[in-house]
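In the form predicted alone, a lone chain appears below as structure tokens.
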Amino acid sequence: MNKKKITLKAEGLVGGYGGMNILNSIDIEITQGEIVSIIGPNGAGKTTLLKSIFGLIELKKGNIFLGEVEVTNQSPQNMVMSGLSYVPQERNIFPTLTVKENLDMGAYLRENNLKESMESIFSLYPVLNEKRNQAAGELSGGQQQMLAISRGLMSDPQFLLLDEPTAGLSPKLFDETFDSILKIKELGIGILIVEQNAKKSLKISNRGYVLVAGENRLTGTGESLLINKEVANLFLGGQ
């Protein structure tokens, strides 16, 4: 009997920084095993949305549900324990620790199956296995991004929130990163991704949300948004 997949749902999210609202009643939904892209212009609220879901920014209004459980404005630690993991654009690694020690830090809230998770990650990113005893600060930019994603996976999440995972990477590493995201999806993890290359992101996505000025502008399958003329003109280089 197949285990029922869990859905992460955000409804009517309003929030931001100080007295300014960046999010103005945003709705999104993602189920385990899906890739969902968040696209939009700079300042649309994409990163703020991820941070708000993960509990880094307190929401003024709205609700977040993980399955049947409401997790609105929970602390990041509680969100990790509930099954969420967030990988920010800034590579949040410990440069003086080894690759393996960084991965161990990603699993600090777990008590079991750590070896199994680490071997799974080394299978996903063989180069990290080769450099497991090397200081993380000595890795290339692409390898550091692999490590940041891997640290996020070490908490054994149901959902992975990725903010600009290919920022600053070479074209070769760009493609490798997207290939690894597809492999993570195959593990049954839901991936909510904010990505600078909207075209590439939508191509691998089950669905996408277009945000403008902190509001939902368009929602659809990745395929339908790729051929939408408004989306193409505004975000895909007018293809």
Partner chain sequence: MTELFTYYLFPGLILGSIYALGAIGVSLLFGILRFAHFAHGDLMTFGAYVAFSMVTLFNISPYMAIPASIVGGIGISILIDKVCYRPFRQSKTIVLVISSLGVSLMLRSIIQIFWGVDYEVYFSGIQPSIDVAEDFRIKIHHIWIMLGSFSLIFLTHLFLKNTKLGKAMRAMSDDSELALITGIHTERVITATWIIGGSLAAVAGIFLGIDTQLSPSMGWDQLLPLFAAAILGGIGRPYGAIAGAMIIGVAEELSSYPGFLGENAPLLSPAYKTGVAFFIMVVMLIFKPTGLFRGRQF
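Computed from a predicted model, the values in this text were never measured in an experiment. Positions refer to the first chain, counted from 1.
One more form of this protein, predicted together with its partner chain, exists but is not displayed; see below.
**Asked** Only one of 121-129, 162-170, 139-147, 101-109 gets a heavy atom within 4.5 Å of its partner chain in the predicted complex; which is it?
**Response** It is the stretch 101-109.
**Item:** Contact flag, Lys51 vs its partner chain in the predicted complex, heavy atom cut 4.5 Å
**Value:** Close contact exists here: in the predicted complex, Lys51 approaches its partner chain to within 4.5 Å, heavy atoms only.
**Message:** My question is simply whether Leu56 lines the interface with its partner chain in the predicted complex - judged by any non-hydrogen atom within 4.5 Å.
**Reply:** Close contact exists here: in the predicted complex, Leu56 approaches its partner chain to within 4.5 Å, heavy atoms only.
**Request:** Report whether the minimum heavy atom distance between Asn92 and its partner chain in the predicted complex is within 4.5 Å.
**Result:** Yes.
**Message:** Contact with its partner chain in the predicted complex for Val80, defined as at least one heavy atom pair within 4.5 Å: yes or no?
**Reply:** Heavy-atom contact with its partner chain at 4.5 Å: present for Val80.
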